[in-house]
Ligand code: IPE
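One chain comes next, on its own, written out as structure tokens in the form predicted on its own.
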Amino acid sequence: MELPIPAALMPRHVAIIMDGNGRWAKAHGMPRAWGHRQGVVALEPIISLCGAWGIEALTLFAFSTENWARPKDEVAQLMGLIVEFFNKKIDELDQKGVCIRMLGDLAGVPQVQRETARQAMERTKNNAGLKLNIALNYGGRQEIVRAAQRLAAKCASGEMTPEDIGETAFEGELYTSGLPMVDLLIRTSGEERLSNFLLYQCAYAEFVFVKENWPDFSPAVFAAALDAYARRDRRFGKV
């Protein structure tokens, strides 16, 4: 698929809240688990297109710190899909040069998922292609508190002083350290909120909300979202 917008206008970092799997399944008379599975199917071409179109980083909201409150069987199904995705796709992703990073508190994730994620990160850590970030057991507020705690610990140990703390130091303690700030945030299913996702990193992101549920997020819908982004006048607080 050819570039939907000029390369010079392509966002460096795209973040996606993949919403609407359950609603999609309900609309098709299927259980929520089927919707989540179809969501994984929809994800594969989007990852490929990001690499082909020269997007530097793609961050996906897979499982939030609040999602543990969902029914236990649904949580188990989501966790199972994470392992299934990596088992099926890690060879292909590695061959394409994708570098995988998990964002979130992996210590709070079941051991099988935690080890699967860590193995994927270790295997692809030196790859120079698309930076694929998967937010797992992630919360934006938790990330900011964690960064503050880490900086406070460095001050307490004498490694730095409070006066040393600026944006660069703070960003260095975020899960996204070393990545560009988010240029484009896409949320599917017609919902229009951040839901505690990348609160710091989206300070100057452009938001595009699409009506399609995530399983219907096709390459054409993605291209339309990029076109909407390219038409924005990004001033970053300036005139």
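The numbering used is simple: start at 1 and walk along the sequence shown. All values reported here derive from a predicted model rather than from experimental measurement.
This next part talks about the form predicted together with the ligand, which is not shown.
Stretch 188-196 is the contacting one of 45-53, 202-210, 173-181, 188-196, since its residues have non-hydrogen atoms within 4.5 Å of the ligand in the predicted complex. With a 4.5 Å cutoff on heavy atoms, His28 does not count as touching the ligand in the predicted complex; it lies far away. At the 4.5 Å threshold, heavy atoms of Gln38 stay clear of the ligand in the predicted complex, well away from it. Using a 4.5 angstroms threshold between heavy atoms, Leu78 counts as touching the ligand in the predicted complex. Using a 4.5 angstroms threshold between heavy atoms, Glu84 stays clear of the ligand in the predicted complex. If you take 29-67 and check each residue for a heavy atom within 4.5 Å of the ligand in the predicted complex, you get Arg32, His36, Phe61, Ala62, Phe63, Ser64, Asn67, in sequence order.
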